[in-house]
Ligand SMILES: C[S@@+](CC[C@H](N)C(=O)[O-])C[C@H]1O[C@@H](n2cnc3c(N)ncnc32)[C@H](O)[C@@H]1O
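Next up: just one chain, as structure tokens, the form predicted alone.
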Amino acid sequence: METIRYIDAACYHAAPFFMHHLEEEIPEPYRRDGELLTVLGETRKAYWVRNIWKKPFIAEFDSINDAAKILRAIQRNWAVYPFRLARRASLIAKALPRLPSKPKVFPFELPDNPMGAYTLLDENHLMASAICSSPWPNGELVFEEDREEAPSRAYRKLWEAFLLAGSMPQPGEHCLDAGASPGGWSWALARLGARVTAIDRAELDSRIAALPQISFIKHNAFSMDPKELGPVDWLFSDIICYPPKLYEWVCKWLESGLCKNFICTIKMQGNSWDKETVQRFAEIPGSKIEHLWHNKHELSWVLVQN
């Protein structure tokens, strides 16, 4: 007989390779299942996650078909996290509706149907949540890539950041791309029809520099005053630098009033992460900070004030 018991907790699925950071954010897990930390009480803010299971439950079942029946009765889409009993977990997944697997062609609208997640605790108990923070299976987002024109693959995290922001530059809008070389973000912005001022001490890829929407300034972006560059609609930064330096530069632009929309990568140094500076970014009104699927040892900060 199938039984479901909701638990007053949240499950935090760690971003790949960053469980040690998540453990610093949430030091007292209720239980640990591989990269999944279950913590009693209300959902907490955590940055180093790929997905958060917001309303977890434990279900008892007799067979694979029983487990699939329990999940199907709640909603259509379920992603398996096969930490233990992987074969049994995958057989349950095969008994559920198939999830879309084709790479996403950018731009696109976020899916309407919720994406749940589940894992097996033992042969007859699963833990799952129909409500999750990510609309992607286990937080994994795969784009259809352009392997011909793009000078690097960094544009994927920019595309993902646009989904987080719920907005993107429109044709004719002016974008500042700081630390642009070799030009992956500038290329992606130009494809949207935006005008781009790209700044870096290193040259752009020659194919990107030749695009008519892009003008290049060979300079250290941080040493340029916002008034030198004038008003822009969007400011982007993927510069490798210490987080406090990026924060100081962003504050100059905020104080200038010359830009309202920002997407910046907060890149961490060494094996640690700068909690203090991340908190300063988070305290900027209207801000969002997440570890995107395409981020490495970095977080994406987004502020859209259109």
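One rule holds for the numbers: they count along the sequence shown, beginning at 1. Just so you know, these numbers come straight off a predicted model, no measurement behind them.
The form predicted together with this ligand exists for this protein as well; it is not shown, and the discussion that follows is about that form.
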{"item": "In the predicted bound form, L229 touching this ligand (heavy atom, 4.5 Å)", "value": "no"}
{"item": "Exercise: A73 in contact with this ligand in the predicted bound form, heavy atom 4.5 Å", "value": "no"}
{"item": "R50, heavy atom within 4.5 angstroms of this ligand in the predicted bound form", "value": "no"}
{"item": "Non-hydrogen atom contact G139 with this ligand in the predicted bound form at 4.5 angstroms", "value": "no"}
{"item": "Single option in R98, K102, R147, R201 placed near this ligand in the predicted bound form, where near means a heavy atom within 4.5 Å", "value": "R201"}
{"item": "Single option in Q213, S167, N220, N124 placed near this ligand in the predicted bound form, where near means a heavy atom within 4.5 Å", "value": "N220"}
{"item": "Location of this ligand contact in the predicted bound form, chosen stretch of 111-119, 127-135, 89-97, 179-187 [non-hydrogen atom, 4.5 Å]", "value": "179-187"}
{"item": "Within 4.5 Å of this ligand in the predicted bound form: residues from 273-288 (heavy atom criterion)", "value": "none"}
